[in-house]
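Quick setup: one chain, the form predicted alone, written in structure tokens, and binding and motion questions come after.
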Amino acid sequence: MQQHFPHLFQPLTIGSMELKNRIALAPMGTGLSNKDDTLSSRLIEFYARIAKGGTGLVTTGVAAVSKNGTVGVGMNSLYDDSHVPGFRKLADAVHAAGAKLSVHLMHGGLEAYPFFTKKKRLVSPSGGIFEPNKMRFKGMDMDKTTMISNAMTHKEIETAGNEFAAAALRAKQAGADAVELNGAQGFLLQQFYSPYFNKRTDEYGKDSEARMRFPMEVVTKVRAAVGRAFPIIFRMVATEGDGGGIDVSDATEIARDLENGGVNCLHITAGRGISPMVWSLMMPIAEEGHTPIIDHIATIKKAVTIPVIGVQRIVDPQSAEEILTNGKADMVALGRGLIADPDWANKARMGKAEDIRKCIGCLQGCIGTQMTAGYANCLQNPEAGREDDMHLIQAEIPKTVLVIGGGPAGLEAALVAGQRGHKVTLCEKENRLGGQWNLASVPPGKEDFSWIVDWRVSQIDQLDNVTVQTDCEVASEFIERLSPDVTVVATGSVPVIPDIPGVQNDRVVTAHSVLNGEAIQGQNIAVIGGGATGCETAHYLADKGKKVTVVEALSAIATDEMPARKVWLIQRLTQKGVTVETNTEVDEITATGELFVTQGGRRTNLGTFDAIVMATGVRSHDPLGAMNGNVPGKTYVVGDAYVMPTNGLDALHHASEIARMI
């Protein structure tokens, strides 16, 4: 039998732990734990599902070693014996699925927000005031957070080390196969070894050796607690990506120290949590490309003899195999990639890499939903975090289903309904599938967004009971002839054009038409609307050499973007010389392209523009609304066509749930 990706599926030994392959789940916060920080059945099933998908090593999200070190609600914790039973259930579930379990231990230090710990006193190596969200860009709205921390006393340092050791012992007693110490994400261990945080002048900070003293003490105490044979993995950064912190040369020395101190494996990432300037390095967005830090990891690997785990936007088995083949890492870790497709490993092993539902690097679910709703999910995978209640169940009575609209919502509805055994007809009025989502992959660096459409089209193509028709505008005669039992309306949204004098000027176009390839005449362009669409359109035009001005009525731009993408995007707009005018209302567009606006209560001429691009939002579009009463069977409206447009995640999840109800 041919072995696909032979390096990827070669066994690996870490300390006394034997792994069946070189694929690991990277540690990620999910927000799925119980409110008392114990593991929920929902979270255990989330990890078990990934283990069942063939992953060799399942690493939990951060487990706080101290109540004072907690960094969020719904996170894992091991600071008390009451947490052990949940981890024992998790270990049993992971082992039953054929994988090994590593428990990820951390103390948040100054990131242990009082809101979560209920303590007013934040601690860090040397104390001080941190302004993590202070931005240097006009139009940012993230300058409101200040963290005041106190320098840790020697007693507090000793206590924290003991807490790591006690938590590691609890993990071992629960049946875990390894522990991973978190020296990344800007948490306490990184705060000590990083000169950005640690300004102490005593034996815990006066130089690079002193800054490593506490992390090494933690390793020593953990080793004493778990014994000689139990594997200890240390997660560290290759670079902090911003001034005043760790760089690759520093990280190489840190790696050597950790190996000499008895660590069995290094898991190497990048960035630091409280610095938005490098968020897209710590949790890479699509625009950062694939494997953005792998060369840094390879440099560190050359300096040590213990196994090294490489991570950061490894999206497909081909990339993973190449990393291992070239000796840049000994194992690869995927976080969001395994949320998007928990069967990633099995599909790769069976030679079905083309069937992998790849992470697009959008952050809408894994980070965005967690920040707004408190738990993680995934745009690509509506089942993520809901494994218990989102199983695909075959329909008892197959129905005839008509899906109108071939964007993400329509494709998801057709795919799920087809997989459940219904006879589905999907009609799309344009000559290609994807709808407006095709525009999302046009701005620079967002090519991977096309995978939302590509994967669903490829899976639909494998179903004999789903028929797809493009260039098909559905009318009442078509519906009457098909006589569907169920009609799913997924016709999306259309641009909103505000009632501005002169908006009918020939110079005025929509962002949708620009991203769809409509040529823009001239060089001086105004983009009206500084939301995500407006900013990405401005980036697209600036990348083509246009002189661009973004005009936004609010006090900040990109307020509807994910934080990491917001920072990255505004950095690029700044680098490319895009002018941003906030708190600016558009009053009039003249026939010659003059743009009159109100700023600070005063009417002013912003200048003359060759083209004016409207990015002023969208509204739902349901062309069948007037005839719904005459449509046979049941009718469901999904995605942006339903009441009020939101984002890709909400549209796709809505369609997926409706298709499971049919």
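This one's a predicted model, so the numbers in the text were calculated from it and none came from an experiment. Counting begins at 1, following the sequence as shown.
Although not depicted, the form predicted in complex with a small molecule is the subject of the following passage.
Checking 589 to 597, 602 to 610, 633 to 641, 26 to 34 against the small molecule in the predicted complex, the stretch whose residues place heavy atoms within 4.5 Å of it is 26 to 34. Residue G335 is the only one of G335, G531, G273, P231 with a heavy atom lying within 4.5 Å of the small molecule in the predicted complex. A heavy atom within 4.5 Å of the small molecule in the predicted complex is found for one listed residue only; from V103, V567, M283, L541, this is M283. For the chain shown alone, R170 is not a contact residue for the small molecule in the predicted complex, no non-hydrogen atom being within 4.5 angstroms. Contact check for A615: no non-hydrogen atom falls within 4.5 Å of the small molecule in the predicted complex. When the small molecule is considered in the predicted complex, L39 lies well away from it, no heavy atom lying within 4.5 Å.
Put simply, V62 is close to the small molecule in the predicted complex: some heavy atom of it is within 4.5 Å.
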